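Starting off, we have a lone chain in the form predicted on its own, written out as structure tokens.
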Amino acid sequence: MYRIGIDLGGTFIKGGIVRNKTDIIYKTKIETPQSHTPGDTCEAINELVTMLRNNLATGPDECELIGIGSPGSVDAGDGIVMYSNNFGWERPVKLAEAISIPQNLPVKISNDANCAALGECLANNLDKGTYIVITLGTGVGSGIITDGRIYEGAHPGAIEMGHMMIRYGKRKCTCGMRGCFESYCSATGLIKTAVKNLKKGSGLYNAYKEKGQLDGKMITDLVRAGDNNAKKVFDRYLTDLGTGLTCICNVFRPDAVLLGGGVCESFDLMDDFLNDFVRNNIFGRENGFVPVIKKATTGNDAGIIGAANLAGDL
């Protein structure tokens, strides 16, 4: 028997057929409806699931379960997305039911970052201990995996580490609050910091003027090239990131924190700084356990793998 894992994103809905926990035997994606309405989004998910089931050589009935990772505050037990600021869902959406009924299959859902965290740990055989996975992309996603299972928290909306306040009252976040970890430490936050701190004549300034915009890779490429403006921006970014990671480690003391997302393609520029920062600022310092900060390795498949494993053993 096989399971289907769905990774619901703002631009694409990715899906795969999974066997033996981490073996993706087929995957594809479709564009997310730009209306982002619950009805259009659920219709698109059903279209993708049907497409995946029809690609099972043994027939669509060999699929035993569908797992979905969704952005937002998720009630995993009842299969409901309570709120998703990224999709503009202000009222609860019965996502599991909307897929389960037409597909005639059980559906499990969780937050998309939880699924990515689970997939990362399963793919790397991290099934004992506690690991925190942080994704640094358009936003900041987070998940906690303990002994191979997602820790969901006591109520929907837990484990949103991207919305810890690290600079109270400062930069506005997409959640409507100010000073969130996400607003400074996402790829979007890095770019905003860079644009705000452009120095005329620098490589960073010239790149922005030439392209009309910046992205994370442009900034890190300029850091490697020795541009002082880019280096100061990236150092400020790393200080904010280190501050957030230290807070997380103080609360949870995991075995490790795994960082993923586009910014982490340049993890070699981050590794020593972040590990030194956490080691020097964590409560008790080296008198207690100091979690290591590592790069996540599974990439875009992590969300599919994690979603397919939401019901446990596969």
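Note that residue numbering begins at 1 and tracks the sequence as displayed. Quick caveat, the model's predicted, so the values are computed rather than measured.
Although not depicted, the form predicted in complex with a further copy of the same chain is the subject of the following passage.
- None of 96 to 104, 158 to 166, 209 to 217, 190 to 198 except one has non-hydrogen atoms within 4.5 angstroms of a further copy of the same chain in the predicted bound form; the exception is 158 to 166.
- Comment: a further copy of the same chain is not present in this chain, but in the predicted bound form one of N54, S35, N287, T58 has a heavy atom within 4.5 Å of it, namely N287.
- A single residue from the set T50, N250, T28, S266 has any heavy atom within 4.5 angstroms of a further copy of the same chain in the predicted bound form; that residue is N250.
- a further copy of the same chain in the predicted bound form comes within 4.5 Å of no heavy atom belonging to A123.
- Using a 4.5 Å cutoff between non-hydrogen atoms, G226 does not count as a contact of a further copy of the same chain in the predicted bound form.
- When contacts are judged by a 4.5 Å heavy atom cut-off, E90 counts as touching a further copy of the same chain in the predicted bound form.
- At the 4.5 Å threshold, heavy atoms of G77 stay clear of a further copy of the same chain in the predicted bound form, well away from it.
- Judged against a further copy of the same chain in the predicted bound form with a 4.5 angstroms heavy atom cut-off, the residues T11, T135 and Y205 are out of contact without exception.
- Contacts between stretch 253 to 274 and a further copy of the same chain, counted in the predicted bound form as any heavy atom lying within 4.5 Å, involve R253, P254, D255, listed in sequence order.
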